[in-house]
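Here's a solo chain for you in structure tokens, the form predicted on its own.
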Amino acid sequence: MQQPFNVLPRAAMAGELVPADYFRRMDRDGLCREGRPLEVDLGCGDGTFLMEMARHFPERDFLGVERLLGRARKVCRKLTRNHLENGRVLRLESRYTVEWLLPEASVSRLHLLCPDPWPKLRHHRRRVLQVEFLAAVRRVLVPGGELLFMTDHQEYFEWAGEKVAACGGFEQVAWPAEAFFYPTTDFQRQWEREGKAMWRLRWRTPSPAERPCDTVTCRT
């Protein structure tokens, strides 16, 4: 008998989120607990940021999305070893997760930290901040939810700002270093020790009272 496509070829790890079906949107109840805001760390890497956030905000739930199995396993082990039950890992590609799996109005903050800048002009189409992705981000964020973006690449920083502004439906918000608790990753600490800058942007979706209409379409 043929196996369903959504069955893992291995046992699920402690701390791992395994969707019931990889080909339809998840229910919010399967992502976080009732009444708790959900924050998503796209490309969570070694889990440093995810763990610090989960430890600092025990009243919130956190989901790290990581494509590589080895990294996902390590982060799951760290979360389990530190008894951080408000953090889980989804082993999946970031764009697919946002565009096809996360339910509407389910995420309070979405973190995109140091994604691949794809610096060559002919590779810009591979950057994650594309029209379809931004439209999906708007859909999965709760009213007033935020997208936080950080990069070590100035041209990508400027390109991202222009892309989001052209898409519409987001308001840029000031992000001073002391605005709120935000842990630094190992990569960021190394980069700043070398005297190099990190570039960051923070966008917010409008609350219901601020929305001119219910449907907002990205302008291409």
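Residue numbers run from 1 along the displayed sequence. Every value quoted in this text rests on a predicted model; they were computed, and no experiment measured them.
Beyond what is shown, the protein has a form predicted in complex with a small molecule; the following relates to that form.
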Using a 4.5 Å heavy atom cut-off, which of 173-181, 22-30, 61-69, 153-161 contacts the small molecule in the model of the complex? 61-69
Can all three of Gly43, Ser94 and Asp186 be found with a heavy atom no more than 4.5 Å from the small molecule in the model of the complex? yes
The one option of Glu85, Asp116, Glu104, Glu99 with any heavy atom within 4.5 Å of the small molecule in the model of the complex is Asp116
Which of these residues, Leu147, Ala136, Val128, Cys76, gets a heavy atom within 4.5 Å of the small molecule in the model of the complex? Val128
